[in-house]
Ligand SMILES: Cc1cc2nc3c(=O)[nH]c(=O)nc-3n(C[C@H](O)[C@H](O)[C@H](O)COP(=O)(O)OP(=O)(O)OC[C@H]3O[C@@H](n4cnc5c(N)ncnc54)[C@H](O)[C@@H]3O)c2cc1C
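One chain is shown next in structure tokens, namely the form predicted on its own.
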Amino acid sequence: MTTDQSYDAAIVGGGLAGLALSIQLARQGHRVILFEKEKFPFHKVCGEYISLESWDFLNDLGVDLHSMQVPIITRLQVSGTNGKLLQRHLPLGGFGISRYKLDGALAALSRAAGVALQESTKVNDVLFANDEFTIETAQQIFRAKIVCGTYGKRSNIDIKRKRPFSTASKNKLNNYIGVKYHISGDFPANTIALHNFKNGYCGLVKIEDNKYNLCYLTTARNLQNSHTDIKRMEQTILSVNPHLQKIFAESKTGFESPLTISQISFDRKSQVEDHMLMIGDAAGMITPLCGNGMSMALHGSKIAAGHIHMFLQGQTTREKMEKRYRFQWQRQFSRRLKTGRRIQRLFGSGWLTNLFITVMKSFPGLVDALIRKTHGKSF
């Protein structure tokens, strides 16, 4: 392996946070490299709903959402395990777009900005010594003044660093699996739906090309109890909810098999790890039922970009940059994460979920308050 390439900033992970950060730093005049283990564009397990708080930021990056004609989402629909329905107008609203399309657009903008995109490249380790990072891949060793971890929910780097959430014993916040389909069918185009079932919930939202993203989160135990058969789990557990039974019976899937991800954790995470700045899900993951993880990843990249630029310009020290980033991240997102974890605990138990929805139907103002607590303002 050779060590002949040095950069101002290295970004590990090509999700929303990593791609958006790379564009911002490159446009500020910094030499940036981004590592992604897959090749753009590709599908990811994701709810594919973005709060409108991110609209202006994405347009500023160069993503032409108007020409993409993304569906605007203005209604929320939540059902209990018994099928009882709660419907509300969304205070801010959002839009649906696949990660395949959005990440592909951001990757093109990143290349155009001069970022060195290292696709199909897995980072084996990141080391910090003598005020510099060394990034090890199977092919080569790179050096950088700063490294950002934007690799999503969990990675081999987390395990090597023994980050607390990666070694924690299994509990109600850290042992989930996610399953995603793209489907076609006759569903409300302006509505994001959250249908609950035993130990999980399923989201449905329209994306581009008259497709809908169906993505659900459930416990690993549900899958184990279904003999690790996803179809069986959908038939015997998810379809107890009459809304989900109807969706599975009447829709057509666009994937030969569903996309899946395991070991999803909503435990607390640190925003700085061995001098690496963590952004997006690597810094803290909000429960998907809050529908705001994609906006948090984008907003987090903007916060980080400002502090990184000052550091690379020599206007602040590494210690101050890390401290200020951590403080601003927590001030912006910690209340949302706490609210999300509390809401998460209300779902999964059939009677508790049904009771919650019954109460919320009588107090619609509480629903609006909860939505506002898990979302922010335009940035």
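This structure is a prediction, so every number in the text was calculated from the model and none was measured. The first residue of the sequence shown is number 1, and the count goes up from there.
Below, we turn to the form predicted together with this ligand, even though it does not appear here.
Within 4.5 Å of this ligand in the predicted bound form, a heavy atom is found for all three of G13, Y216 and M285. Under a 4.5 angstroms non-hydrogen atom cutoff, this ligand in the predicted bound form has V45 among its neighbouring residues. Among residues of the shown chain, T134 is not one whose heavy atoms approach this ligand to within 4.5 Å in the predicted bound form. Although the partner is absent from this view, V147 stays clear of this ligand in the predicted bound form, with no non-hydrogen atom inside 4.5 angstroms.
Taking the partner from the other structure, this ligand in the predicted bound form has no heavy atom within 4.5 Å of any heavy atom of R111. In summary, among the residues V115, V78, L244, M294, the only one with a non-hydrogen atom within 4.5 Å of this ligand in the predicted bound form is M294. Scanning I183, I303, I157, I237 against this ligand in the predicted bound form with a 4.5 Å heavy atom cut-off leaves one residue, I157. Partner contact region in the predicted bound form: 275 to 283, out of 67 to 75, 84 to 92, 275 to 283, 227 to 235, criterion any non-hydrogen atom within 4.5 Å of this ligand. The partner is not shown here, but in the predicted bound form the stretch 97 to 136 reaches within 4.5 angstroms of this ligand through a heavy atom at R99, T121, K122, V123.
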